[in-house]
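Given next, in structure tokens, is a single chain: the form predicted alone.
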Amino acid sequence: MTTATIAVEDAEALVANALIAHGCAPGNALSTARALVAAEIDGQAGHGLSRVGSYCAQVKAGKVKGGAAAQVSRPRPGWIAVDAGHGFAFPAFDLAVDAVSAAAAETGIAAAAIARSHHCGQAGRHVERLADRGCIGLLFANTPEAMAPWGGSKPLFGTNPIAFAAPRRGQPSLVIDLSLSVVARGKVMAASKRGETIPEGWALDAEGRPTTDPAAALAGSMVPMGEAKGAALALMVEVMAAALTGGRFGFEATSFLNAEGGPPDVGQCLLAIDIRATAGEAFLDRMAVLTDAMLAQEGVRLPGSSRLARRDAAARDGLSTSEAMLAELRALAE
């Protein structure tokens, strides 16, 4: 694979122009482009540039409403309702993060339910933005069917990511971002685009057999993290993200990966706890004690810490990707 670099701002503009060329409103395109480029920088390629082609196709087909204007309301003091309007999730999350952090500053704890939504991408990014505002953030997001209930053979739940972030004094926020499958399905999609195999243990084919072929994996099911425990957590996320927002469950939603069918109509639930309403400075003191104890052990690093070095490198040297990917993006933008 021949690699190439591109300035972060140029990458965002290129992705935004590709989306605009296929019918996306400029504001929605820029919000989405920033999220995709940020995921690529952070090493989350399955939520990054590999998504641009399918996103463009979905806008062109009307599966994603490129001109959707997300709407936000506050029916209760601690409850924010966001309607993504079957558009991309990222503009809706921009509104949700602002609204839920402001509500949490008043009430101590607040939640935002995002309805009629789409792929939320790198889940950790959304809660990190809350932590940077002095809140503990927690996100539940359901996705199209990819995993069977434990003991079953037919996909029913999505890979259903959960994410958590907490502020630290004078240090980058602690961010934990987990897919409830062994790996995120986006990693399988990225391997498929690169023509690579996947490790055994990630997925099963349509007959329930272990596979290293990403195409067979995408036609089959993902293996849940922690076996029965992971499947139970995926069920919890279906309730928190879909039932709570009135969205479709994983087995009812259309794919994030192609332009077939109508909007996926999934949901997300974003919670914010303002630390100033609870322990305040004492929270930051206790966080320092905890993280210092972890880092005192040789070989230990905090979850999500690798993103920081990647961000520094991208800011200094530009975003590293493949020549083939840049060529694809340029063709989409034209």
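Just count from 1 along the sequence shown to find any residue number. Computed from a prediction, not measured in an experiment: that's the story for all the values here.
Although not depicted, the form predicted together with another copy of the chain is the subject of the following passage.
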Is Gln122 near another copy of the chain? Define near as a heavy atom within 4.5 Å, in the model of the complex. no
So, Asp205 and another copy of the chain: in the model of the complex, are they within 4.5 Å at any heavy atom pair? no
Under a 4.5 Å heavy atom criterion, is Glu260 part of the interface with another copy of the chain in the model of the complex? no
Please run the contact check for Glu128 against another copy of the chain in the model of the complex: heavy atoms, 4.5 angstroms, yes or no? no
Can you say which of 45-53, 60-68, 22-30, 296-304 gets within 4.5 Å of another copy of the chain in the model of the complex, counting heavy atoms only? 296-304
Students should find that, of Ala115, Leu174, Ala191, Ala216, the residue having a non-hydrogen atom no more than 4.5 angstroms from another copy of the chain in the model of the complex is Leu174
Residues in 255-284 that come within 4.5 Å of another copy of the chain in the model of the complex by at least one heavy atom, in order, are Leu271, Ile273, Ile275, Ala277, Thr278, Ala279, Phe283
